[in-house]
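Heads up, the chain below is alone and in the form predicted on its own; it's given as structure tokens.
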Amino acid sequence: MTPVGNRDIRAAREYHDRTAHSYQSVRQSGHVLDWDTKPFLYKVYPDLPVTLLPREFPQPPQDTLEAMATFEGKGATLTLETLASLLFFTAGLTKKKTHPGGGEMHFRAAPSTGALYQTEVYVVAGELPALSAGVYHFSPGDFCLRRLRAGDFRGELGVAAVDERIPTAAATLVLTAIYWRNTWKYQARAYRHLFWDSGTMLANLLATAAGLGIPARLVTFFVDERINRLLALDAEKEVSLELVPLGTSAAPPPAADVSTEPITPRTIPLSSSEVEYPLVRYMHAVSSLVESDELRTVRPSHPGEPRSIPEHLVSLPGPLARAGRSLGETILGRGSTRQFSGQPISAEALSTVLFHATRGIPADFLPAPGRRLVDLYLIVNAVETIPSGAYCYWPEAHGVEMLASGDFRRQAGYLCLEQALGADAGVGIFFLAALGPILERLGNRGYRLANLEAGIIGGRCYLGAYAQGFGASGLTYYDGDVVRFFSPHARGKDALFVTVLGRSVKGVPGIEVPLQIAKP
């Protein structure tokens, strides 16, 4: 396929439609997992200089809900210890579970589709205490940094993003994705997963930064090729997704090196062979920004008009301000729930999750605090004092609009790709977006950002649920059937993601099962 520009939005529409799940497409897929080529879960640079991260680092002490409600760091200094904490609670190896027969499962701080962990983290740092300026790759397996480039390249990031504030940050984390890690199982639909999964990681990162008092914000507009070149990525296999500047630096950065020399550090192959999915590479190419001027035209320049809120909403109880569990404890105890009991959660618990998950994020693609790209639709199966039915949540009023009353457990299970998790959960949260207007404003880049925002809010739902002692899981779905179920209210929108919440069955992996905590 020949890549087109970001403004030719037929490309994003075509990708979305071609990767949609339906009852027929799932049964006609014929895709079979080749376990002999399952990708290794860690990227390994065998020849690069190693900086061991400190194994004693601060845990974010704030209550989980308080950390989620904090959007501006207090200006704490970024040190190697706090950087280690940020990396661990964002992408670190947190648990190990040994299966009978000797197999071992590794759990990370944030969930990932299929536990495939295709999101990698890089650090572009100025001079920090105990860390020289440079470009580093974070290795969660042995908890260290491996240096790709020596020197201060913060100015290069600022040029790539046309953002004068980035060079003044102490360091910037760059999230990337390795295609094959996810396409191995999910084929071309995997491109959506890159943003769901990096979004859940960003939910952890932004909350952890707030809990440690480190200023952080999300940057999504940048010249892609320039970031890829800085990180020495093979863009046919791995691409940059998002930037997160951290802290502030007393020392000004040097001028950007506009001629960053290409380097080709050796890596260990992920598997004996790989299958290419051109549609994934095509979608990334058509949503990439290639010139600085493009960034200025796609960045939101005004807050837009407020939405008209329906008059008749079902009020939700006031949300909790504290959950009684610190953010560090919540992340260490988190796990995607594998089986729900069907028992109800309280209306206050649901209210708390919805409120804290949707209060906004410090991101460049949102024109104003509280504005968003995605809408939250609910199927309530078992929530105390809230009648079973279908709803739309309105964050501005913290209330829900009833679309239909009745027991929709069977439909919820069907919509979630006929998985029992959807039927047994207390509530299913379906993220939908009007892709047409989003693409008109932001071009194909908007497709990335809508999926990313759904992933971030979904990740915040995870934190809110596990902080209160119940479970959560992310699911895939039958695209068109989800929209039809919530129509006519959802007519003209597209389904992007699903997060289900509920009480876990005892003895099934989740917060109630003690696992061996991995030592970083």
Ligand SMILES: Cc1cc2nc3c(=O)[nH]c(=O)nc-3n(C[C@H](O)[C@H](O)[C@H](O)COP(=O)(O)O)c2cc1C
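Just so we're clear, the structure is a prediction, and the values are computed from it rather than from any experiment. Each residue number is its position in the shown sequence, starting from 1.
The same protein also exists as the form predicted in complex with the ligand; that form is not shown, yet it is the one meant from here on.
_Contact with the ligand in the predicted complex for R146, defined as at least one heavy atom pair within 4.5 Å: yes or no?_
R146: no contact with the ligand in the predicted complex.
*Should L475 be counted as a contact of the ligand in the predicted complex, where contact means heavy atoms within 4.5 Å?*
Although the ligand is absent here, L475 would touch it in the predicted complex, with heavy atoms inside 4.5 Å.
*Is R338 one of the residues lying within 4.5 Å of the ligand in the predicted complex, judged by heavy atom distances?*
So R338 counts as contacting the ligand.
*Is there a heavy atom of S288 lying 4.5 Å or less from a heavy atom of the ligand in the predicted complex?*
Result no; S288 lies far from the ligand in the predicted complex.
*asked:* Please tell me which of R154, R181, R334, R445 lies within 4.5 Å of the ligand in the predicted complex, judged by heavy atoms.
replied: Of the candidates R154, R181, R334, R445, R334 is the one lying within 4.5 Å of the ligand in the predicted complex.
*Could you spot which one of R108, R226, R217, H284 gets a heavy atom to within 4.5 Å of the ligand in the predicted complex?*
None of the other options qualify; the answer is R108.
*Since the chain is shown here on its own, which stretch among 425 to 433, 355 to 363, 397 to 405, 110 to 118 would lie within 4.5 Å of the ligand in the predicted complex, judged by heavy atoms?*
Of the stretches listed, the one contacting the partner is 110 to 118.
*asked:* Could you pull out the residues of 156 to 183 that have any heavy atom within 4.5 Å of the ligand in the predicted complex?
replied: Result: empty, none.
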